[in-house]
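Heads up, the chain below is alone and in the form predicted alone; it's given as structure tokens.
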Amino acid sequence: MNESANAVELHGVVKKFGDVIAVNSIDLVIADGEFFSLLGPSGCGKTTILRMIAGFEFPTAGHLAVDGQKMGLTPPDQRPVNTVFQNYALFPHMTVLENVMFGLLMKKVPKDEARETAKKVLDQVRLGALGERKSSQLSGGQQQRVALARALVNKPKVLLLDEPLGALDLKLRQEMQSELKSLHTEVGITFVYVTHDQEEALTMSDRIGVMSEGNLLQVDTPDRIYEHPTKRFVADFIGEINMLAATVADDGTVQLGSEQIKLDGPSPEMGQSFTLAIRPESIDLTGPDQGVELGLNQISGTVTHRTYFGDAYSYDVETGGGVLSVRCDNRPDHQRFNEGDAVKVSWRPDSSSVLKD
């Protein structure tokens, strides 16, 4: 093991299947001990990257390293990684403990040592009391934990997880998200997690890489990915967002339709058009005669639609720059508006993002 190495590195990695480019010249570094998620729709290339790290596929071009060592054509069983799949692939005729011991016994670990090691890992995933049950007698969530234990028992440098919660119902999936994050903290190894579920990626990850059509579009922390997307696809794929056409006038002012606004940071070049992205919850609504805090962007509008969600109201507001979706908490101290009301829409310049493509 190389203590100073990154867990995973991809340099110029390309993967083609015939004429189809599944992964397009990816550069990516995943730090040791990180919980890193590859997020994107089906067919975007995220699982192909995982399979290349695992050794089930090999790059067409570029190179890939695990723990500082170039993998080349190293077969899966000789890589310091283990994979957990959506279909848990447990042996139904074996007990839980036997399933977890299996990998150790294949490596010629003495049976007594393998048993004790497997018991410790089962305790980590909260299944210590179920070791003698057959895997076929377990619930979906319990089977998922057995699959995790079986992957962890070999003490891999990197644990690869390919949509592991996809077969679970919503409530159990949310519970397992919390358990996976806690388990990652406890075992301290690198997790590389593939998912198309934005909530999974946002709630569990240290960093996220968002993919589309074989390209890695943005890599950042969950809050930066959500609050400050850099690409139109990233902004649109994760959560609800307003995207409005804006321009920089010849005098350097930023125009949102007929309204003038401020940006956080440098503006695009004069005369350039771009897209302004703002999350609905980053926008405030006030009455037309109420004062607005200095430094905020402020434009006038009219409420055209209101939707009640219990804990919040969602408003569609027609403005000189287009229709804005605004989400306001349903609290007693928050003013409520009706369809047809004139309002002021305001937001902090640093809560919006400039999208150029």
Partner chain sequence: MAALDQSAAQADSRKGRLIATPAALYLLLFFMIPLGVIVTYSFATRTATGRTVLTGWNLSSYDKLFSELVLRIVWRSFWMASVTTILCLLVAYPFAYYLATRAPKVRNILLVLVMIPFWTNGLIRIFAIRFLLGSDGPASQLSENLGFGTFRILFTPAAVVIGMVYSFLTFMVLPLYVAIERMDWKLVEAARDLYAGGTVAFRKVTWPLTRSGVIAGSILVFVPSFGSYVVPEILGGAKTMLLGSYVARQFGAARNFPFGAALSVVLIAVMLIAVVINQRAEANRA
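All of these numbers come straight from a predicted model, not from anything done at the bench. Positions refer to the first chain, counted from 1. Whichever C-alpha set is largest while still superposing within 1.5 Å between the two forms counts as the rigid core.
Form predicted together with its partner chain: not shown, discussed below.
Review point. For M106, is any heavy atom within 4.5 Å of its partner chain in the model of the complex, or not?
Key: Yes - in the model of the complex, heavy atoms of M106 and its partner chain come within 4.5 Å of each other.
Practice item. Answer for D77 alone: is it within 4.5 Å of its partner chain in the model of the complex, judged on heavy atom distances? Key: Yes, D77 sits close enough to its partner chain in the model of the complex that at least one of its heavy atoms falls within 4.5 Å.
Exercise for review: Although its partner chain is absent from this view, report whether V187 comes within 4.5 Å of it in the model of the complex, heavy atoms only.
Suggested key: The answer is no: V187 has no heavy atom within 4.5 Å of its partner chain.
Check your understanding: Wondering, does L90 line up within 4.5 Å of its partner chain in the model of the complex on heavy atoms?
Key -> Because a heavy atom of L90 falls inside 4.5 Å of its partner chain in the model of the complex, the answer is yes.
Point to revise | Interface residue in the model of the complex among I299, L28, A65, A54, criterion: non-hydrogen atom within 4.5 angstroms of its partner chain | key: After the contact test, the surviving option is A54.
Check your understanding: Only one of Q143, Q124, Q218, T83 has a non-hydrogen atom within 4.5 angstroms of its partner chain in the model of the complex; which is it?
Key -> Result of the distance check: T83.
Exercise for review: Within 4.5 Å of its partner chain in the model of the complex, counting heavy atoms only, one of 326-334, 46-54, 301-309, 29-37 shows up; tell me which.
Suggested key: This holds for exactly one stretch, 46-54.
Practice item. Run the contact test on F102, R150 and N154 with a 4.5 Å heavy atom cut-off to its partner chain in the model of the complex and return yes or no. Key: Every residue of the candidate spot has a heavy atom within 4.5 Å of its partner chain in the model of the complex.
Review point. Counting only heavy atoms, which residues in 224-247 are within 4.5 Å of its partner chain in the model of the complex?
Key: Residues within 4.5 Å: none.
**Study point:** Displaced residue check between the shown form and the other one: M94, CA, 2 Å or over, core reference
**Key:** Yes, the C-alpha position differs by at least 2 Å between the shown form and the other one.
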